[in-house]
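Take a look at this one chain, the form predicted on its own, written out in structure tokens.
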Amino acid sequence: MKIKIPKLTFWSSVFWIIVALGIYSTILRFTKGLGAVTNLSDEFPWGLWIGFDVLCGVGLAAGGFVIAAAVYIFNLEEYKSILPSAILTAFLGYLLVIIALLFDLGKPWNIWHPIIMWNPESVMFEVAWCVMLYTTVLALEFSPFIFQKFKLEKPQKIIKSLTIPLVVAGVILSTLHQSSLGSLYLIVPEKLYPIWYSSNLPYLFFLSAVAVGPAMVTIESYLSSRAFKREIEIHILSKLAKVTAVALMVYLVLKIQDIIKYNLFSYIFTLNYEAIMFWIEFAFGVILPIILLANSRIRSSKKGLFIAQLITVLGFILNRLNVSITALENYTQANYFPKWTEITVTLFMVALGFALFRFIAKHLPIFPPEVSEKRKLLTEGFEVISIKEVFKEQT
């Protein structure tokens, strides 16, 4: 019997290097402690793992509740075909957030304490409970695909009968903790750099999560279409991009309102590190995606839509890192920059997410049977053009 050795490609080589470095950093973290693998200190206790792994991880998984609400609450049946992959992305995202939190906690074995040690006045308590409950909801929402695989009809029927209550619970829980992560920074007004402090932080966090959820679904669909040789459902993703654009427009209005209300002109027009980071976030993470997604030709182009939504995701990540790191550095004067082992743990989490999604998508029926995408587009009045033609016409 011959053993088939997987072909080593560039990306698989990168993956295994990240896994090897991640395992090394993990062993170091849980044997030597936080000091051995991070540049964190008493003055700056939250770094990359909170900023990216938790704040970004929770927001990037927002596609699950956005698509579920569209299908089951707003009765937009056309999005049903991308719901399973959106739920899977969200479920894996929340699982990885919980795992990543174990790295950051000084005593990770106490992570279960919020279950019995109640502190309802704490924002962190609310976030902890919402994340636990929503992860459970996502597991239940995804379970029918496992039951379908193993032909377990009875449990499949039970979960199906609970679909609407589960979706409503998921939307309520997501709304609560997506906004509460913003509320977390309301308690440190004197420490947060003025550009990023606002009483609107809970709304801004929620709106940016609603914007980035569909963006992540688009990126996942694009990469899945390449990995599994499937046609991307551009006619659905094109409409979904409007949700991102509208959410970003409302976000833009609130940000401008904050600049006027808090008289931030002297801060944003000063040539310093914070102002430069703000303008990069604001121009490339908010204004540019709105312009790109408002263009129907870009929305109907596979690569055009992918690039526009990728910029949305990068802008979202920069916003969360700015709020959690850049905005606090000025007050603490800590000059924090993550140690290479912190970066490898974060890359390890991302690599695990991709690998788990690929493995599950390969073995469970999360993608619907294919219908010619070009035929769908043409029947719905879309014009199929390439990204080169889009930019050629604009120039």
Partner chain sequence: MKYGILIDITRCIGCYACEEACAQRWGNPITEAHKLSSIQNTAVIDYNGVYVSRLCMHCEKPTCASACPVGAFQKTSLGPVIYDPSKCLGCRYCMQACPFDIPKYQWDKLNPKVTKCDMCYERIKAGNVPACVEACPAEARTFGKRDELIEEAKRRINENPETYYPHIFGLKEAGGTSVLYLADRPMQKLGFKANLPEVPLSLFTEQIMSKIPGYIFWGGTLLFGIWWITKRRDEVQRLQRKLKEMEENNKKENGK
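Just so it is clear, the model here is predicted, and its values are computed rather than measured. Residue numbers count along the first chain shown, from 1.
Missing here is the form predicted together with the partner chain; even so, the following discussion is about that form.
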Segment that reaches the partner chain in the predicted complex - one of 239-247, 90-98, 103-111, 222-230, heavy atoms within 4.5 Å: 103-111
Heavy atom of residue 365 within 4.5 Å of the partner chain in the predicted complex: no
Touches the partner chain in the predicted complex: residue 171 (any heavy atom, 4.5 Å): yes
Close approach of residue 351 to the partner chain in the predicted complex, 4.5 Å, heavy atom: no
Residue 288, heavy atom within 4.5 angstroms of the partner chain in the predicted complex: no
Residue (of 143, 135, 183, 295) lying close to the partner chain in the predicted complex, criterion heavy atoms within 4.5 Å: 183
Those residues of 299-336 which, in the predicted complex, come within 4.5 Å of the partner chain by heavy atom: 328, 331
